[in-house]
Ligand code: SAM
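Presented as structure tokens, the chain that follows is alone, the form predicted on its own.
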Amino acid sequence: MAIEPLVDGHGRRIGDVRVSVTDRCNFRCQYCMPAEGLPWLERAEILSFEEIERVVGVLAGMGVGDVRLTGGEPLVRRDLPRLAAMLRAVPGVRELALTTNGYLLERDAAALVEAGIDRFNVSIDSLQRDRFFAMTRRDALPQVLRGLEALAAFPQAHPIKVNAVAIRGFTEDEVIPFAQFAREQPYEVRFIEFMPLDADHEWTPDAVLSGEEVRAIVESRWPLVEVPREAHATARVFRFADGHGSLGFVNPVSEPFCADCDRIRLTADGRLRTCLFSLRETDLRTPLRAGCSDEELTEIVRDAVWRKELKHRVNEPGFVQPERTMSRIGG
């Protein structure tokens, strides 16, 4: 008998789960971590591959078929391609994606593609080596670009998306080089508005370089044509009018897309989050390790998702930044 789909209290059908496989990262990006890093979770606190597989299986049985692996930096989790292959084999998983900073992609690209990853997002905040270092606190741009090139050699890995966080006072000088990159290379560059998930809690509305502002910079050089938005899509996609490449704009601050959000998140330590900005979480690790049945786990998930937030409230008075940073939530 078919299981009822997973639906929240606002009538939104959930189809996408972001699974953080680790809170650790080999970068220290200014919009995410302090320079000295953060205290890491103990190994015993992190879900095993088998526990992740089980949760994904329960979710897939309720129609949550799009799975994205995140971190921290997911490729620092040992033997990640094995987990990818395990999840690829789960009945009901339609798409398996990965978000990475690309530092270890040259090493792992072939294994990840062979394991069945369908889509890749690679985070690169500057194409200039010194500015990349300033943002990430790591002199790693050449290695990241080599990883991107290694991944691009696999036709089944395309389309590949390159993500850049748009921060006022930094990204303005990156827009034209990234647009040129999107015109010349087989990647869709996506600009993501800076969100209040930084460890230093230095985010302010003034620090957000909006998607509209970024688009205006691009259109001062090249006309853009908007592509119709797919349901539940986070990005507004534009192609260059002459057909050479495309850009995406993810605008959660200036143009929230909460109304048709179909996403939930599983943290590395087994907490279910129903919104990126949730102030509450549901513990799945404890019942998993206490021997709960799939039916019991299903009901725990349904109860949590029924209470999914209507919207993130970033632009409203009294907004409270969640305790967890982006690296501890998983994008």
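Predicted, not measured: the structure shown is a model, and the values here were computed from it. The first residue of the shown sequence is 1; numbering continues from there.
The discussion below concerns the form predicted in complex with S-adenosylmethionine, not included here.
Checking 214-222, 173-181, 94-102, 109-117 against S-adenosylmethionine in the predicted complex, the stretch whose residues place heavy atoms within 4.5 Å of it is 94-102. In the predicted complex, S-adenosylmethionine sits within 4.5 Å of a heavy atom belonging to Cys32. Heavy atoms of Val237 never reach within 4.5 Å of S-adenosylmethionine in the predicted complex, leaving it off the interface. In the predicted complex, at least one heavy atom of Asp198 sits within 4.5 Å of a heavy atom of S-adenosylmethionine. Mapping the unseen interface onto this chain, Leu141 falls outside it, with no heavy atom inside 4.5 Å of S-adenosylmethionine in the predicted complex.
The single contact residue among Leu148, Ala207, Val90, Ile192, judged by any heavy atom lying within 4.5 Å of S-adenosylmethionine in the predicted complex, is Ile192. None of Ser126, Ser123, Asn251, Ser246 but one reaches within 4.5 angstroms of S-adenosylmethionine in the predicted complex through a heavy atom, and that residue is Ser123. If you take 126-154 and check each residue for a heavy atom within 4.5 Å of S-adenosylmethionine in the predicted complex, you get nothing at all.
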